[in-house]
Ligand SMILES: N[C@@H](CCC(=O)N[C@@H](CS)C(=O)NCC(=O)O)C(=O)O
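Given as structure tokens, the chain that follows is alone and in the form predicted on its own.
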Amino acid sequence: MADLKIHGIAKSRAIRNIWLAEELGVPYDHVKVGWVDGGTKKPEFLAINPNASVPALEDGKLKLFESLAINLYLAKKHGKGLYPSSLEDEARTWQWTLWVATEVERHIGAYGMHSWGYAPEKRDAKVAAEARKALDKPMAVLDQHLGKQPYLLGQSFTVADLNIAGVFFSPYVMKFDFSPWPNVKAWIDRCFGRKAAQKTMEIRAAS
């Protein structure tokens, strides 16, 4: 049994943490906790994440929640080139991580739930359309930045790329149309073309 435990079903935000663990090549146990069967409300899980949501991480005695923060921690702890070496690039990593959480995730989430996530009778085309429109501004920012370089911090893939691409995990699998932002599309294809990303897709598909 590994010291590192990632709690959460693969078709949740836990997939971001699984992807990073695969990139790092560190041993981990995937504890398949979900919400439909009440798993996130069990006392033993609430002791790890009192928010009653997934994912959650145990690393020895450390307990963490919030998928993007978990990835920052793991990348910094294990290195292997995924965490920036300079203070400036570390700040940029935090910037992009907070940016995707505040400017993008709620819109891509709403679009996804009302396009493929919810049962057809629960989908609202108007909500999906509004969410898609709200993506135009932040995605243009990302597209402009990626027109200057192949990855968020420069020439190499880092946890900054994984955190942002991780928010697009389900949309990418569900064939969301990234073509309005050609630099983003090229970048996201590079990110998901990685060996660890491909393995993570297989884990998600098998769940």
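A residue's number is simply how far along the shown sequence it sits, counting from 1. From a predicted model like this one, the values you see are computed outputs, not experimental measurements.
Just so it is clear, the following notes concern the form predicted together with this ligand, a form of the same protein that is not shown.
Stretch-level contact check against this ligand in the predicted bound form with heavy atoms at 4.5 Å: of 150-158, 172-180, 134-142, 46-54, the positive one is 46-54. Though the partner is left out of this view, Glu66 does reach within 4.5 Å of this ligand in the predicted bound form, counting heavy atoms only.
Contact between Arg190 and this ligand in the predicted bound form is not found at the 4.5 Å heavy atom cutoff.
Within 4.5 Å of any heavy atom of this ligand in the predicted bound form lies no heavy atom of Arg194. Within 4.5 angstroms of this ligand in the predicted bound form, the stretch 1-34 places a non-hydrogen atom from each of Ser12, Arg13, Arg16, taken in sequence order.
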